[in-house]
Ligand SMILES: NC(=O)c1ccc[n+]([C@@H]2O[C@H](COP(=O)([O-])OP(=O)(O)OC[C@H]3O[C@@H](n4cnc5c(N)ncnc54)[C@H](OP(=O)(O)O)[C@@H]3O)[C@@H](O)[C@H]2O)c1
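Read the single chain below, which is given as structure tokens and is the form predicted on its own.
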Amino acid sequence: MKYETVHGLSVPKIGFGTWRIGGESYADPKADPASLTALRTALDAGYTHFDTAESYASGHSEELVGRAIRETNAKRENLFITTKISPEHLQYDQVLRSCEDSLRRLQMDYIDLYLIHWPPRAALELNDAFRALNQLVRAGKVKHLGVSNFKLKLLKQAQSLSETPILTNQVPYRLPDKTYVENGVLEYCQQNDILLTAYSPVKFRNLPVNKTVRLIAETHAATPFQIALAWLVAQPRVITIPMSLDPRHIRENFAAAEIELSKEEFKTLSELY
């Protein structure tokens, strides 16, 4: 596995996203067997970064992540756990309560990376949220802070309010979507030691049949999805968190970190559409 190292911390280039683990917006117990199989497969394959949120399956995703880790006897100190606080919980006391609830569901003593999941509904809420988030870091319940779905102006504001470096901005970034290139977020992150965490990294309807991607995939004896992940991995300060319930795809996603694209291949993919 390749890593990005920022502020003395090494984070895997490819982690495991958990949207749809345990359900979607609400818990779905019928999904538990497949969800636990996916998580155990990911742990067995070597994933160490797991990304979840209090809103995923109404917190049930966090419960299953914690359960899979305990049942596989994975060492907590070898893992990097990310979870997120919802925008409706950004008042000071709500942030503290949400963190305690996430720790309880995960059955862990600390969170490696705690993100604000979506921009606040009111500008003043960001000040209140970071007052609590800074307190959580000082108390050792959270190791690192970050944001998600923040555009450049709000990202800079978050930096000014955080007592510790903002570790990441988690945003939708994939072939051929260049929204966060065009709005300046990617370049800013790369220039300021902030990880850009690409979520939904293969959510491109034509990816499996795109001729350019397929030709490059054939060259590397890989799938088009692996090439899309390899393109992200090749970029400085970019990490990604693909999700799958299919054990074969989970392993393929993990292996994509080892694909070395040529400069010409990377350029061709970057200019797609």
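Note that the structure is a prediction, hence the values are computed from the model and not measured. One rule holds for the numbers: they count along the sequence shown, beginning at 1.
Below, we turn to the form predicted together with this ligand, even though it does not appear here.
- Of the listed positions (Leu113, Ile166, Ile85, Val202), a single one reaches within 4.5 angstroms of this ligand by any non-hydrogen atom in the predicted bound form, namely Val202.
- Though this ligand is absent from this view, in the predicted bound form it lies within 4.5 Å of a heavy atom of just one residue from Arg105, His89, Lys143, His117, which is His117.
- Contact between Asn149 and this ligand in the predicted bound form is found at the 4.5 Å heavy atom cutoff.
- Taking non-hydrogen atoms only, Gly66 never approaches this ligand to within 4.5 angstroms in the predicted bound form.
- At a distance threshold of 4.5 angstroms between non-hydrogen atoms, Trp231 is out of contact with this ligand in the predicted bound form.
- Although the partner is absent here, Ile241 is a contact residue: one of its heavy atoms lies within 4.5 angstroms of this ligand in the predicted bound form.
- Stretch-level contact check against this ligand in the predicted bound form with heavy atoms at 4.5 Å: of 66-74, 26-34, 51-59, 209-217, the positive one is 51-59.
- Residues of 252-273 that come within 4.5 Å of this ligand in the predicted bound form, judged by any heavy atom, are Glu252, Asn253 in sequence order.
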